[in-house]
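Before any questions on binding or motion, here is one chain by itself as structure tokens, the form predicted on its own.
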């Protein structure tokens, strides 16, 4: 079946959209929707819902319906991963040197007072009122959707493309991807999990009909003199994780769920990480520092 595709920068990363049984109008629709969601969710854009939430900590903030879904997803992931996924680690992320953005180069300066390495407060201070469509962050809490914002965006856009008449779609936002419907070669999609040590290689090939695939890696680093840091923060210490897992990949029903479990599995380490994947009813693998790979039992279905 004929397919069209496009690549563009959004949400600070490259997005790749493939539409099967559709046209260029679907690609334009996908890009416009991803940019709309970036305007809602980027913590670097001062008028975004997330930026307003963080400025308004202590009081209810009315947000877009999609933002309400995003916050609820983050809170649910915090619960089901026993706190390994934590959207309240933002001050520690900034303290590790990952606070600046081309959108807002003064972000680190404005957050300096809260940029500390300390255990994350967790989601106990995040209150969601569905009826009023508001979110209230307790004073002292800062919310950062992290990768699940990209995953949820991929989910929402892929579903809308099919609702708009496409036979199938792949939406990949910075490595968090969702596939749905027919692939270019017929039913389903053939995907590769990238080797974290060899970007041109792969760890496994997968076949996925409708669902999400996400990879979390700690190989993105930042140097401060002799101090080398990465952006994946252990919520229990507030410092970059010392886990021997360098990358974790998860297959789930949605991209946001896959991203949340991938990050949790990496932070938790090889044994507890695989246990989290198994207990969560998803499938995945972890790659260790020595290059060895551990695979969950459910992943075999997709190989």
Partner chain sequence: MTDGAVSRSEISPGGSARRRPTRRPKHPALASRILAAGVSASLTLGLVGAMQNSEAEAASVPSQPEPVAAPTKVVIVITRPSNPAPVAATPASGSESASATAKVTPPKPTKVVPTRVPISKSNGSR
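This structure is a prediction, so every number in the text was calculated from the model and none was measured. Positions refer to the first chain, counted from 1.
Here the subject shifts to the form predicted in complex with the partner chain, a form of this protein not shown in this document.
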Let me know the one among 89, 170, 161, 148 whose heavy atoms come within 4.5 Å of the partner chain in the predicted bound form, would you? 170
Of the residues 75, 94, 157, 137, which one places a heavy atom within 4.5 Å of the partner chain in the predicted bound form? 75
With a 4.5 Å heavy atom cut-off, would you call residue 53 a contact of the partner chain in the predicted bound form? no
Any chance residue 117 has a heavy atom within 4.5 Å of the partner chain in the predicted bound form? no
Just to confirm, residue 191 within 4.5 Å of the partner chain in the predicted bound form by heavy atoms? yes
Report yes if any heavy atom of residue 276 sits within 4.5 Å of a heavy atom of the partner chain in the predicted bound form; otherwise report no. yes
Only one of 235 to 243, 30 to 38, 44 to 52, 254 to 262 gets a heavy atom within 4.5 Å of the partner chain in the predicted bound form; which is it? 254 to 262
In sequence order, the residues of 267 to 303 that place a heavy atom within 4.5 Å of the partner chain in the predicted bound form are 271, 274, 275, 276, 278, 279, 280, 281, 282, 290, 291, 292, 293, 294, 295, 297, 298, 300, 301, 302, 303
